[in-house]
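Read the single chain below, which is given as C-alpha cells and is the form predicted on its own.
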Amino acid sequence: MSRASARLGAPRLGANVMGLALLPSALFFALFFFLPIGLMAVMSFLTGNPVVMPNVVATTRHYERILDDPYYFEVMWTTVRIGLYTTVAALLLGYPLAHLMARVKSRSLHALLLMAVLMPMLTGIVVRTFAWMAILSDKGVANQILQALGFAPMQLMYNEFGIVLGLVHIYLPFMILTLTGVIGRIDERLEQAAQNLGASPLKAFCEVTLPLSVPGILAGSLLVFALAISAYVTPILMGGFQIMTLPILIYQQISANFNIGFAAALGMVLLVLSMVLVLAYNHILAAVSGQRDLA
C-alpha cells in the first residue's frame, strides 16, 4: 500500500512543483500584460481619467467617433498596408538567407552569417533610423549619388517607401532567425530523394522544402507583421506626420490633446485589428498549404 500511495502521490507532487515554477511567470504576465490591457479597455469606455477627474461616467462616444469618421479607417488601412509591405519584403529578403544559413556546411561561414544578422540588433532602433535618414534625405547619400550620375533627386523619405525600408531593416533579423530554425530541422535527404526521382533542384525545393517550411513562414510573418503595425519610432522619424499610423495617432491624442479615453479606444482598435488579421492570416495560409493543423 505504501508503494502504491507513493506512486499515486508522485504526479501530484510534480504538478505542485510545476505550478510553483509557473507562478512567477503568471504574476509577471498578469501585472505587465493583462492588467495594462484591462485598464486600457476600461479607460476606452470612460469620459475621462477617474484619478484626476470627478464625475466620470461610462460612454461609447470614443468608439462612435471612430466609426463615424472615415479618416480613422484610412489610418487603419495605412497601418495595415505598411505592415503587409514590411512582412512581404522581409519574407522575400529573409528566406534565401535563412535557407543558406540552415544548409551551409562550414561552421565558420555559419557563424559569420549569424553574426551579420545579429549585429544590427546590437544598435538601437533610433540610431539605425537616423542612419537611414542620413542616407535617404533630400541631400543624403542616395540623392547625392543620383545627382552625381546625372539623375534628378528622388523623394525617398516622408513617404511609405522610407517607412517600409526602415522597418524591414529593423525586423528582418526576426524573420531570418525564425526561418533558419524551421528550415534547419527539415531533412536534406528529402530533397535528395526528390532529385533522385527526377525532380529538378527548383522543383524539389518548391515541392518539398517550401511546404515543410510553412510553419516558419507563418511564425516569422506574424511576428514581423505584429511588430510593424505597432511601430512608432521608425514611422514618425521616416515619415514625419505625412504618413499617419495608429501608433502615431495614439501618441498625438495623449501628448497633444490629452484625450486618454480616445487614445485608449484607438489602442483597443489596434489590438483587435492585429488579432483579427493574425487569425485570418493563419487560416488563409493553413488553407493554402493544406496544413489544417496550423489553423
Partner chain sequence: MSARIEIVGVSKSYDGAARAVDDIHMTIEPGEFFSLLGPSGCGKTTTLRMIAGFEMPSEGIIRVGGQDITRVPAHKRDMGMVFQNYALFPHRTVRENVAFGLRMRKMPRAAIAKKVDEALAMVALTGFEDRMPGQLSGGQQQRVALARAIVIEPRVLLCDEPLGALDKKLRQSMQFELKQLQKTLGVTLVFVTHDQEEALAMSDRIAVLSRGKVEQVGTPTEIYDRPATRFVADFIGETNLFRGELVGTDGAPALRVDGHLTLALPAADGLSGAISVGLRPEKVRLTPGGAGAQAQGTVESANFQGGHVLYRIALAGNRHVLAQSPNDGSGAPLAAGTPVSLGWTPADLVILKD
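Because the structure is a prediction, the values reported are computed rather than measured. Numbering follows the first chain given and starts at 1.
As for the form predicted in complex with its partner chain, it is not shown, yet the points below apply to it.
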Practice problem: May I ask you to check whether residue 154 falls inside a 4.5 Å heavy atom distance of its partner chain in the predicted bound form? | Solution: no
Quiz item: Heavy atom to heavy atom, is residue 147 within 4.5 Å of its partner chain in the predicted bound form?
Solution: no
Practice problem: Classify residue 195 as contacting or not contacting its partner chain in the predicted bound form by the rule of any non-hydrogen atom within 4.5 angstroms, answering yes or no. | Solution: yes
Quiz item: Taking heavy atoms only, is residue 96 within 4.5 angstroms of its partner chain in the predicted bound form?
Solution: no
Quiz prompt | Among the candidates 190, 126, 111, 92, the residue which, in the predicted bound form, approaches its partner chain to within 4.5 Å (heavy atoms) | solution = 190
Quiz item: Though its partner chain is not shown, can you say which of 76, 208, 117, 223 has a heavy atom within 4.5 Å of it in the predicted bound form?
Solution: 208
Practice problem: Name the stretch, out of 197 to 205, 117 to 125, 175 to 183, 135 to 143, where some heavy atom lies within 4.5 Å of its partner chain in the predicted bound form. | Solution: 197 to 205
